[in-house]
Each structure stands twice: as structure tokens, then as C-alpha cells.
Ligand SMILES: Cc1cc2nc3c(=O)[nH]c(=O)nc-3n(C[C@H](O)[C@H](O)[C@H](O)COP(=O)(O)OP(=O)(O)OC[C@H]3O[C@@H](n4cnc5c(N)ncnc54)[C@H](O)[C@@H]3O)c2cc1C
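Here's a solo chain for you in C-alpha cells, the form predicted alone.
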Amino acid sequence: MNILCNYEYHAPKTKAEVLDLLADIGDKAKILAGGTDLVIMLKEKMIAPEHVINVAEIEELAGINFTADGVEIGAGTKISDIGASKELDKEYHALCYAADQLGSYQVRTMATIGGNIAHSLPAGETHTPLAALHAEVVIESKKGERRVKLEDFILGNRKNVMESDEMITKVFIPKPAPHSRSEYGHIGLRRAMEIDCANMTVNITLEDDKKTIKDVKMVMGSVAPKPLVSEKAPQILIGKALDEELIQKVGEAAQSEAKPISDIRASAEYRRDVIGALARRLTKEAYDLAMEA
């Protein structure tokens, strides 16, 4: 029988109260938002914090706010709200689709985007779309605020740049460029509530002629300890119109850059194969849709 460790429970009402707590006990505390990851870690004795700070009821940490420059998503925003947002889907399709693929419906209604990012798992569903969309993670403490690109925020498996007195308060995603489109895809061994064997997001921007590739950002997940941004894809694609030869080359490039491991979900060889398939399919899909954007 799993019994949680003893800890002191805190239920602050405002962000300021959370930051005060973190300044005092941050090195001994864990933040509880949706609890879909944290509670499992507590039950499995993976962690034993002296304090748990529940931020689930703090309204100022949740919500989707569109601005002239892009969109701000509060760290406490439920994954289900992101997946269901038609307005968000118009410009940030890859993120909405990825959110809708996370776990089960019950999990999505509990899990938060801040929690998904903070746990920093290699297979995190929101990581590759956020990185491909040039998202910044907004981190705050009593000392102030700082912004970190998603791919720089995550350092490895369950590791990130946050200090003990800091918390994620929101995510900022800049407004997409004209003639651009982002597409997300994932591979699992079966259609069920499982962690991805591999996932990827491709974000393509075209020139005004709607044929020539102006920019591309391809980000791979679950094939490295952190989201892996392709360096070769832009070199292959920028300045060219997509054709079958380039599609094959970008698939080969993704396979050469991937650094997968073998585990219970898939072998390294399988992950390398499917990341190439994802690169080929998503590059073509994003390109075709950018032509219509």
C-alpha cells in the first residue's frame, strides 16, 4: 500500500503569497497544480518534500490572453482548455493538437501547461510545439521575472533551469509569421494512454510567393534528454521550394540528429526510424498548409 510522506500543506490565495512561501521554503517544497505527475511521484516515493504548495485555485495563474504581439497562457491553464480553444487553434494549431493528445480526458482536465513544462520529461507533449513556436517560459520569484526559451528551459530528464525560489507563471508565444503553419505528430506502440515513443513539431514559414521556404523550425521529442531542435533541417530547406528529394533529405537529417535510447516503450532503432517518418510527413503537411495560410 502506497502511503504519502508527511508534509505541511499550503493553499495560498495569490501569486504573491506563493512567491513569499518559495522564498522561505522553496528548497523543501513542491508545487501542486493539477497533480497528475506530482501525486504519482509522491506515491512512488520518488520525492519526499517537507512542504506542498497548492496553486490550483489561484485564478491569476490561469487563462489564455491574446495580445498584439502573441498570446500569454497562464501556467495554471488546464491542458483541456488549450486543446479546446478554437481561437488558439487558428494560429497555434500544433500546440492545441498536442494538448488534445495528452493522456486521457480526465488527465487533461486536471493537468496544467505549467506542470507539463516544469516536470521536464523527454516525451512531454507540449514541449516540441512550444519550442517550434518560439515560446518563452516566464519564471518569477520575489527577486523578479525572467524569460527563457522553452528549449533552453529544459536541461534534461526532469531537469530545468528553475531555482528553488522560482515558479512558472505563464508562457508567451509570439504571433506567427505570415504564410506559416505548425504541425505536430507523435508515435506510440498502440492507441492508448501511453507516453510517446517519439514526437515532433515542424513550423514552416514561406516567402510571399508561397512556395519558397523562408524559415523552418523542427523540434524532436523523446529522442534526446530534452527537446532537440534540428540544425540540419533549416540548412536543407530554407530558400527552396519543397519537393520529394528535399522531403527525403530532411527525414534522413532528422534520423542522423536523433539521439534515442532503448527502453520499455521502444528501441533506439525504432525511435530513429519513426522520427524520420515524422519529419517527412510533418514537413510536407506544414508546407502544404502554409501555402494556404
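Values in this document were obtained by computation on a predicted structure and should not be read as measured data. From 1 onward, residues are counted along the sequence shown.
Although not depicted, the form predicted together with the ligand is the subject of the following passage.
- Only one of 251, 34, 26, 260 lies close to the ligand in the predicted bound form, with a heavy atom inside 4.5 Å, and it is 34.
- Among the residues 173, 206, 82, 167, the one placing a heavy atom within 4.5 Å of the ligand in the predicted bound form is 167.
- Partner contacts here mean any heavy atom within 4.5 Å of the ligand in the predicted bound form, and among 174 to 182, 120 to 128, 86 to 94, 215 to 223 they occur only in 120 to 128.
- The closest non-hydrogen atom of residue 62 lies beyond 4.5 Å of the ligand in the predicted bound form.
- Residue contact check for residue 75: one or more of its heavy atoms lie within 4.5 Å of the ligand in the predicted bound form.
- The shortest heavy atom separation between residue 201 and the ligand in the predicted bound form exceeds 4.5 Å.
- Shown alone here, residue 40 lies within 4.5 Å of the ligand in the predicted bound form, counting heavy atoms only.
- Residues are counted as partner-facing when one of their heavy atoms sits within 4.5 Å of the ligand in the predicted bound form; in 241 to 268 not one qualifies.
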